[in-house]
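Read the single chain below, which is given as structure tokens and is the form predicted alone.
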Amino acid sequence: MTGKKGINSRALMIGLIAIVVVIGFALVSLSIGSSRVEAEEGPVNALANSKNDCVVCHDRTTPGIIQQYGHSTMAAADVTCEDCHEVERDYPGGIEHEGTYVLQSPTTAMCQSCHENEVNQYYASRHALPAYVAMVGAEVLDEDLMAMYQEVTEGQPDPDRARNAIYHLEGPAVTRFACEGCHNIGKPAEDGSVGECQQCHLRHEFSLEQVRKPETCSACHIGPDHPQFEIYQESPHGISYAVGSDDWNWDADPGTLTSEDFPAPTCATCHFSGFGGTATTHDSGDRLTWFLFMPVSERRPGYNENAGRMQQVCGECHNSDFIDDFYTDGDALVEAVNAWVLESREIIKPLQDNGLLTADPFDEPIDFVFFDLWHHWGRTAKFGGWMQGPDYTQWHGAYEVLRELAELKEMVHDKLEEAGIEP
């Protein structure tokens, strides 16, 4: 009898184990099936069953916008269309629409109601008024905007007026599709606020992954005068992004990022993201040492503190000896390029002293050579060095500066001879 009971107990135990295994397989199958359905159907749309008048109407007229916003974290947090777009009847820039008044494109004042710190940091950055002034000049600013501009670090050095001259020479038919596409990031709005958040945070999904990827910055930071995106692509950081970023944690919560999330940095990691011991910021100059955009670069006010914040980011992957040496070498590069630009000023000075240059900007070839030397090639050499892009430091930077110096000398020599002045 004991043997039979033992056999029955073992059989019962085996049966129970088999049932548990079958249930386990069933649960795993259901989980996989659910994941497959979610993958096939896409992310959850928070507006799928919305009865909001804006959503119902625009789901017919502009369904793409509804799809985008429905997948956003703002929609998931019950932020409505009206929260961002609807304004009072007399609000500057508001237009009548379906029995109410709206802003077609929300201003930073609207964003500020929820994102106060971010907007204030942005106002202190080069992406705000300094970006717009670099295009049109400071003369367009009223008293309040001028005061705001002068509070910005980048508003302190007098901007080179040659860029303003190019904008006005080309005219609105061109600049509408050229300069303004980037520099309007700092354009004042009718309500007195400044800037266009949507230039970086593409509407209406407002994706963390999108704003953290370097392609977002490439919309503006590209080309001969500021080729940061191309430099990034050839740098060790950019190569790491190109070959491995599919596995990076793009949706990590802001302010929590570590090298486990991002084994190499993107533009956002270095300049904006909370990373390691450095807090998140919307001031793009908060971690920079030099005014690299200037013809002759100067150190920023508080550059030691700025460098300390950037070096904390670097220190997540690099040791202190590497970082210290890199900063020493980067400083030396800037000084070398500064010396070339100062030399170009000395070369052209005899023409200025003898009244042999016209008062109008960019009306003869020498104006373009003198401008390109610092605005294109000098700046590119500096950006290339600090961002570890050797080809841009050399062939698109230093080499072109030397070539322009040689051409400038020849042009000045010829002009002096033509005027009967000993070169």
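One-based numbering along the sequence shown. Because the structure is a prediction, the values reported are computed rather than measured.
What comes next is about the form predicted in complex with a small molecule, which does not appear here.
The candidate stretches are 123-131, 335-343, 140-148, 349-357, and the one lying within 4.5 Å of the small molecule in the predicted complex by heavy atoms is 123-131.
When contacts are defined as a non-hydrogen atom within 4.5 Å, none of Glu88, Phe368 and Leu373 contacts the small molecule in the predicted complex.
By the criterion of a heavy atom within 4.5 Å, Lys187 is excluded from the residues contacting the small molecule in the predicted complex. In the predicted complex, the small molecule lies within 4.5 Å of some heavy atom of Cys182.
Using a 4.5 Å cutoff between non-hydrogen atoms, Thr73 counts as a contact of the small molecule in the predicted complex.
Contact annotation: Ala46 falls outside 4.5 Å of the small molecule in the predicted complex, judged by heavy atom distances.
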